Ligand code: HEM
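First comes one chain, alone, set out as structure tokens in the form predicted alone.
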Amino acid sequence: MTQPAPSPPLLDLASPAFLREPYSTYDRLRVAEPVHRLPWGFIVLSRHDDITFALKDKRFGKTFAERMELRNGPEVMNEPVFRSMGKWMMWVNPPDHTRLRGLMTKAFGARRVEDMRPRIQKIVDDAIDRMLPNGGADLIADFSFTLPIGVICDMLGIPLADSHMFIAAVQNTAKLMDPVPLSRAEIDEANDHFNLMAEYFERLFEQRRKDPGDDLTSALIAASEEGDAKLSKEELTANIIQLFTAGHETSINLIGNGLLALHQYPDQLKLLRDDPSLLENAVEELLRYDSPVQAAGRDANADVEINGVPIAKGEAIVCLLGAGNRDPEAHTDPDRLDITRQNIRHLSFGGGSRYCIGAQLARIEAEVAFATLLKRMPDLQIDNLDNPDWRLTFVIRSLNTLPARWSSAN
């Protein structure tokens, strides 16, 4: 007797179809099993309220080593890249998280970030000046990548000419954050990228010790050598790498995903062109609609219950931020882009004590980018609206390319 074919999994994080378009899967998951266990032990949450609870409740924290070992076996933390990532601010718990975050937040204060607006505007204008005569460009490589790379290099005191050294390394890091097992070849590649960055920053640290500047690297070096919040050598290297990686990945993808979404909804694009006062709200809606970060990890530090499902101490949680952002219990008609939407409660910057320290910088970068493009390139058209070239990673949702063309500009 023929056996019935097994039912497809509710969630397959390695499926190219899912990685290109995750939202229909999120819808099914939210209805069928909003607290869902993956085969290798992770629990995924897809409801807005459940995710908010896990992000904010102090019974959830981080266990980076255990999470990596769950995916890749007991020896994985001997790998240089994972030893370093284990010291990233985003992966550690108090008191180390509190100490590291206190050092980092000084660079991302509201006044300091707002003071960067003229520099951000210049980077955007320069990028558009370079693109305009060509009549077309890849808006990822030629525009959205250029802006946050320039800003984070300024903040860290890295010569912009050196930034090309890290492009492949940063893109590789997105794969490391996906909650799926890695091959030996992928781990070896990640180690090579990490070693390249670590060697570069060792040289940069030596330069800044001799000749400190008004940049975050110099400030962290000083903090590593004095005061109560001292950084070890390993922490200093790890967290500079984290800042370079996370400091532009969200902005690149907010701009890229946002440009795609606005052109897929020409009524919303026209509305924004006609009423620039909607820009701030539009950025929040774009963050909600297609979040550049699709997931955030937490681990249960105590036995707890979520939506009636018991979670044991030590279990690993994946909060599906993109699913929560499209939850109809949180936002009416969630699959539609609406830049006039009120009471937007997106989860794209996380929540609780680990709320993204670069959130305001990402917002300003996006506001300047969208406003300037609308003004200077009014006939901009995206070439592949119906078949976007998505990068096949899960945690970081991003486009490989976004080809565009224009015939005139103001």
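All residue numbers are counted from 1 along the displayed sequence. Since the model is a prediction, treat every value here as computed from it, not as a measurement.
Beyond the structure shown, there is the form predicted together with ligand HEM, which is absent from this document and is the topic of what follows.
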{"property": "Proximity of A169 to ligand HEM in the predicted bound form, heavy atoms at 4.5 Å", "result": "no"}
{"property": "4.5 angstroms heavy atom contact with ligand HEM in the predicted bound form for F108", "result": "yes"}
{"property": "K175 within 4.5 Å of ligand HEM in the predicted bound form, heavy atoms", "result": "no"}
{"property": "Interface membership of L321, ligand HEM in the predicted bound form, 4.5 Å heavy atom rule", "result": "yes"}
{"property": "Contact assignment for ligand HEM in the predicted bound form, among T250, T217, T146, N72, heavy atom within 4.5 Å", "result": "T250"}
{"property": "Interface residue in the predicted bound form among T63, T52, S353, T372, criterion: non-hydrogen atom within 4.5 angstroms of ligand HEM", "result": "S353"}
{"property": "Contact stretch among 87-95, 262-270, 325-333, 192-200 - heavy atom within 4.5 Å of ligand HEM in the predicted bound form", "result": "87-95"}
{"property": "Non-hydrogen atom within 4.5 Å of ligand HEM in the predicted bound form for each of L243, L287 and I357", "result": "yes"}
{"property": "Within 4.5 Å of ligand HEM in the predicted bound form: residues from 286-313 (heavy atom criterion)", "result": "L287, P292, V293, A296, G297, R298"}
